[in-house]
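So this first bit is one chain, no partners, the form predicted alone, shown in structure tokens.
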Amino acid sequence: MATPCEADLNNALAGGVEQYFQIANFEIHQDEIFLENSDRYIMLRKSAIAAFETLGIPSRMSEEWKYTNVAKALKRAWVQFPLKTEKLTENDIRSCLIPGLDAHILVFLNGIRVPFTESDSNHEVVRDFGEFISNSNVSPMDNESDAFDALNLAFANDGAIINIPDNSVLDKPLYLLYISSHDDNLFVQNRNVIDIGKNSEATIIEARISLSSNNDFQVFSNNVTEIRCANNSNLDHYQFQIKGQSTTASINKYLVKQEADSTYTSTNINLGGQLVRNNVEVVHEGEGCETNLSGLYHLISDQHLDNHTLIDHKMPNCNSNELYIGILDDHSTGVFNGKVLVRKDAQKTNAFQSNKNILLTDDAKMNAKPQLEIYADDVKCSHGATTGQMNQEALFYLRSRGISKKLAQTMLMEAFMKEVLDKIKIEELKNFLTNILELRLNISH
């Protein structure tokens, strides 16, 4: 529950959303925020909150937030540093694992790392978070245009550092499990770093799962992950969100820097969350980079999903591929805003971008805005977006073979999504998500 000082602050809230995150709240939580007294640490934290105070919560007047009303999701009093009263049992955690998957496991409850006896991960979890922030490559300038990134840097108090040494291969996937279970309105913020060394390979899975049954309370998670793929490295990165469509909102930002001949492959599956915004920003810092971004989403009720991507081709001879596929039902809304920037010196660039959607009702809505900004002349680039209804001819064909309407619809939807599901290389993860998706499709229509 809220601490007395938070309760007093919450009772005083009468105006805009920004009031809750003003400098007064920053000063209330000195013990949680100022974990280290180094000059750089204090400067970073204070400059971040100052940037947020200046920027405020993004509104739909901003082109980048034109179709996503994040202020609406924030209009309630939040607890940022809850008392540690929530507990997870071993069985609670096991219920969130992927059947049959052998993995290193790190578990976070409401944003804070918790022990799990079956975890055998020897990867560093941030124990001295203040030192981590002090040594971060973050510059105060990085937060002057992104309010939520600035807010994260100001208030984040836990996270994970994944450091894969040079010339090594992670023996099995690393599973980062973020669980929310709460009896309050929690604002959760993690800041993570994933560093893949030269000539190294790793597979990382991130899951966001809500175990809360009380829909009167929400968790709003604001997460930032900095990723570096060193020369000739390979990172397969999976993220999925399930359950909690009526109780969870989240903003997830991935800042990816790729060095020469590296490969970054991201597959994002969204099946939960009342409001979700995924920001993926990839920068090619060396030649020969390859970037593959895939997304799959099935939205029901009044869910809202906003996928924002930016691939910055700074260097020549690099490739990027984007494929985002979705099915929207009921009153749900979706956004795809993908931008590919090809700079003047990035000759021999290949960049392809595609967004495909099916609307199952007249009330569902999709806003697609693929973009190419090209300043080089020797390139191969394309983009496209399609949004329509289910193929009635194919549906009629299946029904004429004696297949029920519901089963025929499910078969067509599964076939539509198969292109992204087939990109999942881990069989246990693919089967797990396919089963959840099949159950969800059967229930929703």
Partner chain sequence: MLSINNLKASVENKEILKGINLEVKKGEVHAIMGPNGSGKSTLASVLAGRSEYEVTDGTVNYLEHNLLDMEPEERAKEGLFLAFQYPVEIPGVNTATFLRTSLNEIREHRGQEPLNGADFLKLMKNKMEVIDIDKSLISRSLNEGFSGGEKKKAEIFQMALLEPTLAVMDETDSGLDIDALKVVAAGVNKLKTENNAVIIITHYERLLNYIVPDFVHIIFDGKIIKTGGKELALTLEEKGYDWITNEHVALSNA
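Residue numbers count along the first chain shown, from 1. Predicted model, so just to flag it, every value in this text is computed and none were measured.
Beyond what is shown, the protein has a form predicted together with its partner chain; the following relates to that form.
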Just to confirm the contact call: exactly one of 390-398, 46-54, 66-74, 375-383 touches its partner chain in the predicted bound form at a 4.5 Å heavy atom cutoff, so which is it? 390-398
When the contact criterion is heavy atoms within 4.5 Å, does Ser404 count as touching its partner chain in the predicted bound form? yes
Answer with yes or no whether Met411 is in contact with its partner chain in the predicted bound form, where contact means some heavy atom within 4.5 Å. yes
Would Arg60 sit within 4.5 Å of its partner chain in the predicted bound form, counting heavy atoms only? no
